[in-house]
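So this first bit is one chain, no partners, the form predicted alone, shown in structure tokens.
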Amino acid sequence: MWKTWTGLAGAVQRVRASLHPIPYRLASTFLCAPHSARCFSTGRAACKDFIQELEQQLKAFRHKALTAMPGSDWSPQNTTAGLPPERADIVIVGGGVVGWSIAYWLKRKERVRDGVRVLVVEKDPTYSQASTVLSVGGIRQQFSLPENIHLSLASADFMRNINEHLGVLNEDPVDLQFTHSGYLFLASEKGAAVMEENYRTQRDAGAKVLLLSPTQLKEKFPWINTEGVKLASYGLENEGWFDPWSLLNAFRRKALSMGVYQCVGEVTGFRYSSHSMSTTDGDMVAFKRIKYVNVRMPNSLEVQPVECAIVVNAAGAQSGKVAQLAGIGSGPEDSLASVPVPVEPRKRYVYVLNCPDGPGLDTPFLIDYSGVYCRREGLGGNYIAGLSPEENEEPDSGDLEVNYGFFQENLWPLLARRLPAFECCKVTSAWAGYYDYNTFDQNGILGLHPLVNNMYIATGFSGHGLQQSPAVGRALAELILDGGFRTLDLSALGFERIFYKEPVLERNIV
């Protein structure tokens, strides 16, 4: 390709050189040979037009040559701008951080370049309502479930070496703006025994965690009111907070550079084949296989079907609705087909506070046993705080409007009790975001659906999907391409536990 382009460029230069020495009066008198059936004007104007046209063609050819180099998203196949490709091996529904992480790991694990055609479909290109960018960006290992601890440990290691994984040639290095500051969990006398049990689990899994008595807690963080605190747990490394948008954009940028396709649109349905089998009890069970994903274009009624072999449901808070499009949860009562993906959006408020006399740079990510959390937000006495409501007080998830009265009535009294400096603070702004809340056991669902045998699920992380996204993406790519988990055994997070009503409970949900 480069040899061809060089030859054409040389031809232009030779044509230019041959034309310039010719006087205008001579050039304008050139005529066709008498025996020629055609007459070509070789006047200066015609030569000039010829050169301009040839240079435009060369420019276009050179652009195509450049974009065809490794790392570009150029394809020799013609595609219509804005539409998804007609066929993809794997369609990922949801372009949040989990979806793009899965896309990245699928391309990283492919054995031949472009051996796996991956398409990511996201309906909101602005990410204005995405759980990822509306998160508070925390990462911790202080969980009660070994799977969650290992996921976060692996993700922390990935972020520590982020540019080795997600760096793109000739692009700026990734900066997650990571603040290394441990989580600090406080336990009352009622919860102290559970904290000690969690501590042993965390240490066994390799997390660096320290238990503090109330006296030790007061010595280390004198600005905390230790009244009612029986025990504290403090993360010594691999914990803190970072910029969620930077991680999302880094995964997306890298995945696109590796050849992943992206499409802005909404998945409105699936076309699938179905066959039935009889169980030993005589019950009929229908198995489905998705063949096409229907994608509706923005601001249009047009629907583009995408033929595929595998679908990944990584639609976050909307993944329950996406599963319904495949008929999941709509079968006969008490059958496996009647069990839905138990994930729904739960709205959570985040308040930005200014407290001039608040704690300084050593402020950890504080989690009080009342449910209130607080962390530093930059410098200048700024902090963010939040509180999950009681089950019977869940706000309407139909919008992302902020209830400032919730701060005044529910959050502030608890915050000021634990951190007396916040008796004098000001709410400077606030936002709301969605948890992809697993109503069954508040834990991630990861794996293949037992009845839709080419739909993989990665959702329901209930607030810790962002921090675990690097390891979750790797795990699902292993499951798809290798046929099973290779790095971490996450089989306990499969969908089967939901049907058998065997919850895998996580105690440390914030």
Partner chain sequence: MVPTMRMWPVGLGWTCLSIARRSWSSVSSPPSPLPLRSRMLLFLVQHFHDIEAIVSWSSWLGNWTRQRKNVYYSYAQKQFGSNVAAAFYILNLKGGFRLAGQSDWVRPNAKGKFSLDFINFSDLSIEEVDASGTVINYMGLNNLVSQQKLRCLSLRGCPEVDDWFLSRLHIFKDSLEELDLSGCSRVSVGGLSALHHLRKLRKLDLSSLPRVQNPGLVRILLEEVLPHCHIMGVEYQEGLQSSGAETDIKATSGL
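Keep in mind the model is a prediction, meaning the values are calculated, not measured. Residue numbers count along the first chain shown, from 1.
Note that the form predicted together with its partner chain isn't included here; everything after this is about it.
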query	finding
Its partner chain in the predicted complex reached by all of 159, 168 and 257, non-hydrogen atom within 4.5 Å	yes
One residue of 268, 397, 163, 225 in contact with its partner chain, assessed in the predicted complex (non-hydrogen atom, 4.5 angstroms)	163
275, 113, 200, 426 - the one with a heavy atom within 4.5 Å of its partner chain in the predicted complex	113
Contact label in the predicted complex: residue 301 to its partner chain, heavy atom within 4.5 Å	no
is_contact(residue 261, its partner chain) in the predicted complex, heavy atom dist at most 4.5 Å	yes
Partner contact for residue 174 in the predicted complex: its partner chain, 4.5 angstroms, heavy atom	yes
Its partner chain contact at residue 180 in the predicted complex, heavy atom, 4.5 Å	yes
Stretch in contact in the predicted complex with its partner chain, which is absent here, among 233 to 241, 418 to 426, 188 to 196, 404 to 412 (heavy atoms within 4.5 Å)	233 to 241
